[in-house]
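What follows is one chain in structure tokens, specifically the form predicted on its own.
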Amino acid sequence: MNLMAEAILAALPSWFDPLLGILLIPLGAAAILALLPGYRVSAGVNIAASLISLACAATMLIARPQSHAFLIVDDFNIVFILLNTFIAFTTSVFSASYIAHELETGRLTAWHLRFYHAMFQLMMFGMNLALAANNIGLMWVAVELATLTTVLMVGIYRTHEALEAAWKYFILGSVGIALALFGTILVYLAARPVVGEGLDAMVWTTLVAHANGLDPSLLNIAFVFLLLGYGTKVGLAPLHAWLPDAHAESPTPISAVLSGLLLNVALYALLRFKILLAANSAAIAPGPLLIGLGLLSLIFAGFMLYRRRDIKRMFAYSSIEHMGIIVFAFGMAGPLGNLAGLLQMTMHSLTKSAIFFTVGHISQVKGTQRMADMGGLTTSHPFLGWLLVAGVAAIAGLPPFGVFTSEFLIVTTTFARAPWLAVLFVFGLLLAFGALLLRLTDVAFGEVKGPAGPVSASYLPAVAHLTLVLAAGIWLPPRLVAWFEHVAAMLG
């Protein structure tokens, strides 16, 4: 392995910087794609740019770039950067066949396609920048950029429902990001007496190095605002109202990115500040706040799943449920709780994006998103139907998928430390499991409804994701486990 790494490094040009690559490539691709009129060429450029970004991210596992005042690659963000670029690539592959169908049916025009592909790469730039930012102000700007691009994508169909969803997302997202900005300013004010004025008081590595000297009262207030602000982006109840509409009305590739990536990016930003609080011995423990919001989101979403009739809206509430699970795990904290939260973040991203890939093609072939009109999928479209069954089994936490591993770790650590919380947590899990099972039965195995003709679909992205989730449930690479354990210790 070392010889291979040395060979790869020797083959790279001296000017090559993979950290800049994951930023400049999507930014440059966005400018190019805004000018390309043809669908096939623009779809190919979108895939190529996403693949090159993924290659740059993979290179950082071998040769970690030098960090500075604005950008950083450390043990916390390197795997999330890789996950971000991997799902961006698979989504671009799925998007090629999905958007072709939308073009054929007239739901999107050639102008919409230029806009869509350009915004896709600009969105990837914003999320990669948020993950790589070493400056908390720059991270806030990057999260806002990713939010604004997704707002524009949500409303791309220009229907009444799509525009309403986009405006709701914009208004609630703006309130959230304003609260996060105020929290960021408070962190700067807490650091200024210790670090001094200027950029140094906003540099993440500098803040952590001086964390124990920061004013704990300001840090405590700041974390509350940051939790509410970034928690809105995460989709935690009761701050979740934008998420179901945005998922239901946006193109399905964007639904996959919202659930698989953007929620993670917002939570990643919040966890950065959790590390800062953990390093200050006089600051409050954020655990009770995270546990409360996590449990509320889990149980609330579990009940709401029973009332959904739109399949994309149902899986949007499933995302709220799983973000609640993840936040609850980080609230329990400790080596095992944090490790389980990190694993759940990864498994949820892969699984939920695979489900949306599958649901996207199902809704196209059936001509609807209403579950009542798409029954008997395993009979009418066996591969799509069984792919959906596998995705639901994985996201419901059934063994041997990786989600089962992370949820089992959360349950065991909670039972050991607070049994009554474990009872509430398991109740939420069973509630959501029952809803998913109820809906899946009719959609996958019920009476055949809707068109039963062939579907032109790209199955590889969904199959690749679910294969990784299955493999993770059976065996995790020791290096990945070591990374999870190290970052879990950082999170406190």
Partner chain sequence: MNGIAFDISHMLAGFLVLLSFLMLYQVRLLPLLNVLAAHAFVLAMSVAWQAHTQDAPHLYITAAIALGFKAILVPMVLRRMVVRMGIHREIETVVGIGLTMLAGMALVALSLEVMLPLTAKAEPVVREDIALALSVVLIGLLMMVTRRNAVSQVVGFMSLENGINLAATGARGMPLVVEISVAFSVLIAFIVIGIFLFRIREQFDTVDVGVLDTFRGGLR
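Everything numeric in this text was worked out from a predicted model, so none of it was measured. Positions refer to the first chain, counted from 1.
Unshown form predicted in complex with the partner chain; subsequent notes refer to it.
For the three residues P65, R114 and A209, a heavy atom within 4.5 Å of the partner chain turns up in the predicted complex in no case. Heavy atoms within 4.5 Å of the partner chain in the predicted complex map, among the stretches 379-387, 209-217, 393-401, 74-82, onto 209-217 alone.
This chain is drawn without the partner chain; in the predicted complex, the residue among A372, A418, A282, A178 with a heavy atom within 4.5 Å of it is A178. The closest heavy atom approach of K168 to the partner chain in the predicted complex falls within 4.5 Å.
Taking the partner from the other structure, the partner chain in the predicted complex has no heavy atom within 4.5 Å of any heavy atom of P238. A residue is said to contact a partner when one of its heavy atoms sits within 4.5 Å of a partner heavy atom; T413 fails this definition for the partner chain in the predicted complex, lying far away. Shown alone here, S174 lies within 4.5 Å of the partner chain in the predicted complex, counting heavy atoms only.
For the stretch 196-228, the set of residues having any non-hydrogen atom within 4.5 angstroms of the partner chain in the predicted complex comprises E197, G198, L199, M202, D215, S217, L218, I221, F225, in sequence order.
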